[in-house]
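Take a look at this single chain, the form predicted alone, given in structure tokens.
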Amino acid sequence: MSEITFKEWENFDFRVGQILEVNDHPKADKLYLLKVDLSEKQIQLVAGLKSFYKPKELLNQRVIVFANLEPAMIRGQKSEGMILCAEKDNIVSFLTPEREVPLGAKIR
């Protein structure tokens, strides 16, 4: 594992979001298109969660979003961030705040 400086860490922008919509990716069997509310704006994410969650399990889920990740085109769809998850032994779990916090809250 490589180390980063505190200054580098300060550049990461992690925000609390809520999944508003879940749709199948039209060109990929294992990907969803997610619309996520970050309070100030809504973004689209392409997420490889189809093998782990049904759409109804994702809808309205509070998640932590890497909000200033450079947008990427994934199979023809724009992804404007990334959801932070933990994974081990083919089990995926979202990182979530332990208490109710407003959408868009910055993770420090």
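Start at 1 and count along the sequence shown; that's the residue number. Since the structure is predicted, the reported quantities are computational estimates derived from the model, not experimental observations.
Form predicted together with a further copy of the same chain: not shown, discussed below.
Asks: I'd like to check something about N60: if you look in the model of the complex, is any of its heavy atoms closer than or equal to 4.5 Å to a heavy atom of a further copy of the same chain?
Replies: Contact with a further copy of the same chain, no.
Asks: Taking heavy atoms and a 4.5 Å cut-off, does E100 contact a further copy of the same chain in the model of the complex?
Replies: E100: yes, in contact with a further copy of the same chain in the model of the complex.
Asks: So in the model of the complex, does D24 come within 4.5 Å of a further copy of the same chain, heavy atom to heavy atom?
Replies: Outside the cut-off, so no.
Asks: Report yes if any heavy atom of A28 sits within 4.5 Å of a heavy atom of a further copy of the same chain in the model of the complex; otherwise report no.
Replies: Contact with a further copy of the same chain, no.
Asks: Any residue of 72-108 with a heavy atom within 4.5 Å of a further copy of the same chain in the model of the complex counts; write them all down in order.
Replies: M82, I83, L84, C85, A86, E87, K88, D89, I91, V92, S93, F94, L95, T96, P97, E98, R99, E100, V101, P102, L103, G104, A105, K106, I107, R108, in sequence order.
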